[in-house]
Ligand code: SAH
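We begin with a single chain expressed as structure tokens, specifically the form predicted on its own.
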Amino acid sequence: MKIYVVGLGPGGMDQMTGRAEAVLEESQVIAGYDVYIDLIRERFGHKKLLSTPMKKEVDRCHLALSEAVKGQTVSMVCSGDAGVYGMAGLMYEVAQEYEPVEIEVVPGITAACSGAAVLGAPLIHDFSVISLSDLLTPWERIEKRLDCAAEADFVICLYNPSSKKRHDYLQKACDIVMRHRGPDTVAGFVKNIGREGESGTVLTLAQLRDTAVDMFTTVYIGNSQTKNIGGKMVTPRGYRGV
């Protein structure tokens, strides 16, 4: 009995790792969020595909585990990396309710890395990744994390920067960061990473504050050393000063 928890990468099949592709081929059952199942349906439509909508993550794990205890090899798919805001942790938690099932996490390329490649090289030095979604984390805790990361001069990568209900959260986040960084700090964002319509923009923190983004956008705020080099966002590590 085995479950793979598989990171699909940023979007396109060509950005999935060879290991991820191999375990999906090996699996009889593939489970995941509706949107992610749709991404692989054309390639793996001959498998048994199970999906649940957003906010049904626990149910999704039960579906996968129920198939695994029948003796099926199952893959639970996630976008990006399964261990970064993915399903790997929850799968381990829910699996405690079942007889022992072997779980293997198969990594993928998370949005922080794939989006950084579009912008240039913003994550060359220490950085933090923070989700602005307050669905599972109180905003007060998110605000504290933003403030501490900004004060510590981390490059900051923001996941889930906005939604219909959270249209002003990126603006709030930029205001918090600007307690410690100037408005000319280099920033950037990437839309539709790895998918049709992918685009990257480098701008200032002040400009970012007044920019409309959506859930399919990943945002980057540079540290005090980050530069705009020919339209690319670059954070030096310090090699030239050694």
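Residue indices: 1-based, along the sequence shown. This structure is a prediction, so every number in the text was calculated from the model and none was measured.
Below: the form predicted together with the ligand, not depicted.
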(message) Give me the residue from A95, A150, V84, I142 that has a heavy atom within 4.5 Å of the ligand in the predicted complex.
(response) V84
(request) Sort through V106, I156, A111, V74 and report the residue having a heavy atom within 4.5 Å of the ligand in the predicted complex. (result) A111
(message) Which is the contacting stretch out of 192 to 200, 175 to 183, 23 to 31, 60 to 68, given heavy atoms within 4.5 Å of the ligand in the predicted complex?
(response) 192 to 200
(message) in the predicted complex, is there a heavy atom of the ligand that lies within 4.5 Å of any heavy atom of M215, even though the partner is absent here?
(response) yes
(request) Considering only heavy atoms, tell me if P161 and the ligand come within 4.5 Å of each other in the predicted complex. (result) yes
(message) Does any part of P10 reach within 4.5 Å of the ligand in the predicted complex? Heavy atoms only, please.
(response) yes
(message) Check P122 for me: does it contact the ligand in the predicted complex (non-hydrogen atoms, 4.5 angstroms)?
(response) no
